[in-house]
Every structure is written in C-alpha cells, then in structure tokens.
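Encoded as structure tokens, the following chain is the form predicted on its own, with no partner shown.
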C-alpha cells in the first residue's frame, strides 16, 4: 500500500507494526522548507520510524534538518564531529576491537533526566551484508499487555543508568566519574507520548530496577522484593523482542532513518565484523517523561 501526501511524498509502510519508507523527497530540501518538514513530522508520529534512500545530504544539511525538531545533544561516550556539534560519529572498523554496546534493545539515552525525543541517523559506509538495524513499537507493546499487568505497572517508576551500561567496562574511577556527571534517572514505566497521547512501555536495556515496587501490594515478605521486581522488569523489557512489534532495515550508503525515541526501541545488529560500518547520528533533545 502506498499513500501520497500533498507535498508529493510517497509513503510505503514496511510492516503492520511500524516503519515506512519515503520516496520523492530529499531531506536537504526539508531542512529549508517548513511545509515539507511538517509533512515529515506528521508521518513520523504516525509510523514512528521513517526510512529514506539515496539522500544527498551533507553533514551541515543533516544537522540543519535534525535541528528543525529541536536542539541537538552530544553523547558523553561516542565521539562527535568537531565541526558539527551534536552529530555523533558511530564508526566501526576491522582494526578496532568490536564494541559490544550496540547489540541490545534500547531507547537512546534514557539515563538522561530528559531523554532525546528522536534521532536522524545517516549511513556513510556499511558492509555489503549485515549491519541492519531493527526497531520495535513500544506503544503496541504496551497496548497488547495483559490487563492485569497494565494495572500492576501503572504506578511503577524505574531507574535508568549509564554507569551500569556504557560505564560497566570502564576503570572504576572513570565509571564513577561518569555516574557523577550523569546520575541515574528515574522515569515512569508507562510513558504518555506528549504529542500523540499514546501510552508506551518505557523500560529498556538501560533500566536497572523499579524504585517503588517494594510495597504491600507487591511484596508479601521482604524476600519477595528482588525476584518479584526483577522478573517483572525482565518480562517487560522482553516485549521488544517480539517480531510482531518490529521492523528491520537494511542499510545502504546515503540511507537515512528518522525515529521517535519516545515510542520505540532499536537494536543495531552486530553481525558484520570484520567490515567497516560508519554511521552519523543527530540526537534531538527531548523533555522529561510523564
């Protein structure tokens, strides 16, 4: 099925859960055209992740387009382009030992008090086979939870940690310094999307534990606390693993993905060593989840 916007963007949904490929549009034009940009923004809210191929997009144009959504943020671990703050370079090469932090389901930077609202990711160079990225629709994941689980998690909040993820392989001094710079954030387990009003399941690979699980409603005796909360959190995190909630994208050079970080998780499949994979990502600042 293909829909056509007034701006002549052609929209091809990729799965029943989320994701659409856009044709007939260049993001370099949308960086300067308000009407065209607003069409793309509306499509993003509908499909949650958008894909485009053959984008003739310079780094400056990449940043200019992403900034239409909001101010950009740097990443404390991944390096940024020195001439374009906020454009994070995710470069993998056969010469360097593989970084293992990519291959996990996650929502970007939920260890921030205000996680990013979305990202614009451009492929600079990719292997001939492998290196795909997957996304999951966390509004659908919440919608299809059993009703008794929805009732149980409605009041719950959870901690999200950069120390326990990116910092885990660091020397202790560096890890503690990272935590001092970015203390663990606390967010609701069920988030309300600020633009669509959808409820989304907001736990992922950065989530360490619930902060208000240990109450008489959930815990018969103290020994229940750890396994009860941990098992429930594991069950919720694993909802992103279901193929029925996912879309998978095969990269080519000059392909771009735009996703709503408030409603999705993603997973960069690390099946391509010893090839190169070079990506550049503009993360857009967001607001505090509620």
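The structure presented is a predicted model; accordingly, all values stated were derived computationally and were not measured. Positions refer to the first chain, counted from 1.
There is also a form predicted in complex with a small molecule; it is not shown, and the following applies to it.
A residue is said to contact a partner when one of its heavy atoms sits within 4.5 Å of a partner heavy atom; residue 178 fails this definition for the small molecule in the model of the complex, lying far away. Not displayed here, the small molecule is approached by residue 90 to within 4.5 Å at the level of heavy atoms in the model of the complex. Taking the partner from the other structure, the small molecule in the model of the complex has a heavy atom within 4.5 Å of a heavy atom of residue 106.
The small molecule in the model of the complex is not approached by residue 20, whose heavy atoms all lie more than 4.5 angstroms from it. Look at 106-114, 210-218, 78-86, 182-190: in the model of the complex, residues with non-hydrogen atoms within 4.5 angstroms of the small molecule sit in 106-114. Residue-level contacts in the model of the complex: of 141, 156, 121, 126, one residue has a heavy atom within 4.5 Å of the small molecule, and it is 121.
Contact check for 41, 52 and 65: none of the three has a heavy atom within 4.5 Å of the small molecule in the model of the complex.
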